[in-house]
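Just one chain is shown here, as structure tokens, and it is the form predicted alone.
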């Protein structure tokens, strides 16, 4: 296999998890770094767990992340179809081939019969496994005569196809992240390759598809590491060249123990999915990073560093920079702890780099934002003043709502701190100065300073009550900037209102 080809192969059994996004990202980065192909394949053989809308969700999420496949169900490609449910004839062809070998057999045991055997094992404190120790006393083509097998097939008795695990064989396995290790086949059971409805399991379909699609490297989660021995043997059974394997560690809970789950997101207040997902069965909506206000490039940057270290421990990287630097040898073996605070830091850093015009476009498309008809020129000034402190674009609106809404209540702590018996008199005199101003921020800054100096007042005695009058709290950007944006009429009205209301 000369050309690097990787695949991201999710099952449409629900929304794409953060860990799935990271797998897709590492697939993409590795392929592009090597000048290869990034393939999206939908593994929808698990019809019992299929969730309506999940396939479309996966493709939309990847597009939002900027991870555009070279081949997919949507785009097509030379090795399609790219949905396993449409590849049944391909699996049937290879099933006939593996059944000609000594690596597979038919098993006619019913679920009820297997449950009875499990109970027998449990009574003696053992755990039942369909393996080299038990298969020779169960109902399968290894124990039944050819005539009996043909009779059962003729009677259309349901059966599964199992892999015949070799006895006491040492498998020398290799992982690009974890290195070399060995497994004895006696520790492995005879996995089902084809279910009794004729559909292949993950193990068989996955191997066939990777071979047919000329996949050179398989990058997937560590939950598939125990299956590596079986997959090695399946390639051996079919006489095919194996791809190289790399198994990614878990993304851990914020406290560091256990796999990150949706429950953790609900508990600590962060999404674990890239986009909102509405469960078609319950109608419950799980929140996503996009809808929470995360920028896709910030989100992808954050995900990339959950288990990979670029050169010089650089933290802010564009997708193109990640492609240039990505190296599977630098992917960590240990799990990576998720941090909500770090995710927010990334978004803050990326938001600062966006132009004020870009952020204005984001805000105009944000639900619940009402600029009260303010012209774009002023809105862009507001964004410029507020974005350095914002984590999300919506923070600029929420924290700067005073620009659009006149305060009607005033923060009690701020009143105690800023308002004195002589404050009303001072503000009344200041209004006279403001009436004559051209209301440009620089001019206002000089005029307010001169006003305080002429009256031998500390700037706090002027600025704090002035800010409280304009904002309703002691927060926000420089007061002269607030005054200029609000304009003379609105500013003076707010000062007069405060003087009347605050006693």
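Positions refer to the first chain, counted from 1. Just so we're clear, the structure is a prediction, and the values are computed from it rather than from any experiment.
Missing here is the form predicted in complex with a small molecule; even so, the following discussion is about that form.
Residue-level contacts in the model of the complex: of 482, 9, 18, 25, one residue has a heavy atom within 4.5 Å of the small molecule, and it is 9. Between the options 70, 43, 55, 473, the residue in contact with the small molecule in the model of the complex by a heavy atom within 4.5 angstroms is 43. Although the partner is absent here, residue 206 is a contact residue: one of its heavy atoms lies within 4.5 angstroms of the small molecule in the model of the complex. Mapping the unseen interface onto this chain, residue 162 falls outside it, with no heavy atom inside 4.5 Å of the small molecule in the model of the complex. Although the partner is absent here, residue 103 sits far enough away that none of its heavy atoms falls within 4.5 Å of the small molecule in the model of the complex. The small molecule is not shown here, and in the model of the complex it never comes within 4.5 Å of any heavy atom of residue 392. The partner is not drawn, yet in the model of the complex one stretch among 257-265, 153-161, 217-225, 115-123 has residues with heavy atoms inside 4.5 Å of the small molecule: 217-225.
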